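Presented as structure tokens, the chain that follows is alone, the form predicted on its own.
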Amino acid sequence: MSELTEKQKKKNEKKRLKNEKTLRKMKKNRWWGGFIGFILFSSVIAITLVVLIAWMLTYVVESKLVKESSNARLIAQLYSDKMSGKDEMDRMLDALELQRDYIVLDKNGNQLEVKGTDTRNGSNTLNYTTSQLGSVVIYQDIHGQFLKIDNDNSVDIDFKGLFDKKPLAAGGKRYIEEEDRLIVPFWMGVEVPDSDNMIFVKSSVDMDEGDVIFMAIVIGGVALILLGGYVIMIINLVRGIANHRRVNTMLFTDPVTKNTNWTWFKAKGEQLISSRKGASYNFAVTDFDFVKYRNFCIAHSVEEGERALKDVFDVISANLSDKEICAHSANAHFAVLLSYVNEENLDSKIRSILSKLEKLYVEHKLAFHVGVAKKGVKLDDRGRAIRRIDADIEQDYFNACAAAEELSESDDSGISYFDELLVEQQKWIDTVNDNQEAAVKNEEFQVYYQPKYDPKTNKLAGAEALIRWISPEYGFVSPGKFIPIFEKNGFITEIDHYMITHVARDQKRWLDQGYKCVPVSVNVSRAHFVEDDLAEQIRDMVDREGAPHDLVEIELTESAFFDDKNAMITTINKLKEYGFSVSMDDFGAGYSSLNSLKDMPLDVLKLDAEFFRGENEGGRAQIVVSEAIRLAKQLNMRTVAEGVEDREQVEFLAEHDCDMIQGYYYAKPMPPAEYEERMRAGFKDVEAEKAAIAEKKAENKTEGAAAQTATN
């Protein structure tokens, strides 16, 4: 194909990146987002529980500190009463169960009284003030370093110490375990009322079973709430994974083969072709078309047909390498991306797959048409492979399908390669489609006439109207380059109308000019016979031009007789009723049916030109032609022999009473002005014309020789 423009390249690259991004998004495990959320939520739960435990411990410790501060102040009050002689301190302490070690210091720090052992850790002290405690002084105990004295006027829990089993350097313990309690001793100092002295009471934070139960209830309740959210998140995560797989299945899975589909092939294929790694590989985008798949389904069943498609996919995919992919693209088509070393390797690989597909079932021989669009390695100026950033696998597959379409007339397996010729053919088809309406409107189509002569008298007996396209832009275009296109796109019916109208118009004009007109046959496409009012349409067109009906002959191809037989008979009878004669064209070109001659009330039988070409071993063609003429005579039909080119054929046909001959022996198709000359002459002196031509050639040869002699 021609080089793509920079704009088209950028468009293709943008499209490729979009497809690749879509594939990545769909193939990416979307549950990763949920999984990350799951990890984050798990972390939040863990942190929340740690913080909650710390807060609960702090809360319990501070509540214990409040209680111990009350006890310390009560002991200080008792000591004050003791000093003033009001009460006996020990008795009161026993009564209140507050026997504690304590130390009394004066304002200079001198000990005034000591009860028990001084186990204060003097290196770690804190002046602590809260609304609940008031102002107190706290010392760590050498056996109670679970409490942490901070410099920001706070008492915290030393969590590290909680789990540290190593003894302290001074020989003390971090906390004391006693039965079902955990005891953290410390010293709390408060002012002795009515004095300048301070009393330091040995206190403790006791963590008993009740405290643990309380914390467990609170923490457990919060944990249950968090765990509920945790479970919901796990459920959503699992559901997200399942949904992702379900969406992937819906988007990328073919419902028939239960495997990859066209959407996946398109995205993955462009990714492979345009990747840096794929730049050094030759690729071929191919279309494997299951020939007569519909017939297979009719003969068996739709279910059997779908199973066959799955089996075909399995065979193809089993013969692919890592860099090759396939997918069920549509109906009975499979898109296959192949890598290859050279063209011989590619052809061998395709034929190997074809061989296996044809032998898929023992009882059936399957056939496949394979279209191939090659994607060779692209090289830079230094001969290095470069990325195919303009890769467009959709266009490549379309090209492969177009190549496979070239095999549509065959029922056997075959391979067709897409090339520049197919590109030009497709461009021409587009050109015809784009210009057909304007060509009719601007009268670019012209009617040529090929005379028919009576072989016995050489008199003009009829003519056939043939279309030619004389385009201002494309010049003279032969019918073979546009009629098949019109037959496929349906525009042939417009051409039929055009031809009938112009033939009727010419016949009317020639009659008015005094010519002795003969019937002119006009071919009507089989596509027209689906219309119930075809005979009326033809009648009205001819009437509008004012031509007699008997001067317009309606010509039908033999293949048209295999469509709706009853509709065909009805239309022919109507045409004959309106005064038109009807002929069968190309009799013998296909699978001629004698039933068509028996049932169809035809006026003229045209013998196909193939009867008069090639070898005639044993005179077999002459036997068939003579019997066909005899059969037509017995059915009251006139006969026309097409494609006659030599005198022996004319003599043979005249001998067997063929009514008319149409061929180059008498005349080629000609424009209306030249045909008028034929009508004016009324007959054809073939021998005289040939003699004149020979004489003219001899004169030219003599003149040339004389000129050469003069030059020498």
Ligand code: C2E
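It should be emphasised that the depicted structure is a prediction, and the values quoted were computed from it without experimental measurement. Numbers follow the displayed sequence, beginning with 1.
Beyond what is shown, the protein has a form predicted in complex with this ligand; the following relates to that form.
- The site on this chain is open, since this ligand, superimposed from its pose in the predicted bound form on the surrounding C-alphas, has no atom within 2.4 angstroms of any backbone or C-beta atom.
- With the partner omitted from this view, the residue of E464, D141, E324, D392 that lies near this ligand in the predicted bound form is E464 [heavy atom within 4.5 Å].
- Distance criterion of 4.5 Å from any heavy atom to this ligand in the predicted bound form singles out R468 from the list R307, R468, K459, K574.
- Heavy atoms within 4.5 Å of this ligand in the predicted bound form belong, among the stretches 658 to 666, 671 to 679, 42 to 50, 55 to 63, to residues of 658 to 666.
- Not displayed here, this ligand is approached by Q450 to within 4.5 Å at the level of heavy atoms in the predicted bound form.
- By the criterion of a heavy atom within 4.5 Å, S581 is excluded from the residues contacting this ligand in the predicted bound form.
- Of the heavy atoms in Q507, none are within 4.5 Å of this ligand in the predicted bound form.
- For L251, no non-hydrogen atom is located within 4.5 Å of this ligand in the predicted bound form, even though that partner is not displayed.
- Heavy atoms closer than or equal to 4.5 Å to this ligand in the predicted bound form belong, across 638 to 652, to the residues E642, G643, V644, E645, ordered by sequence position.
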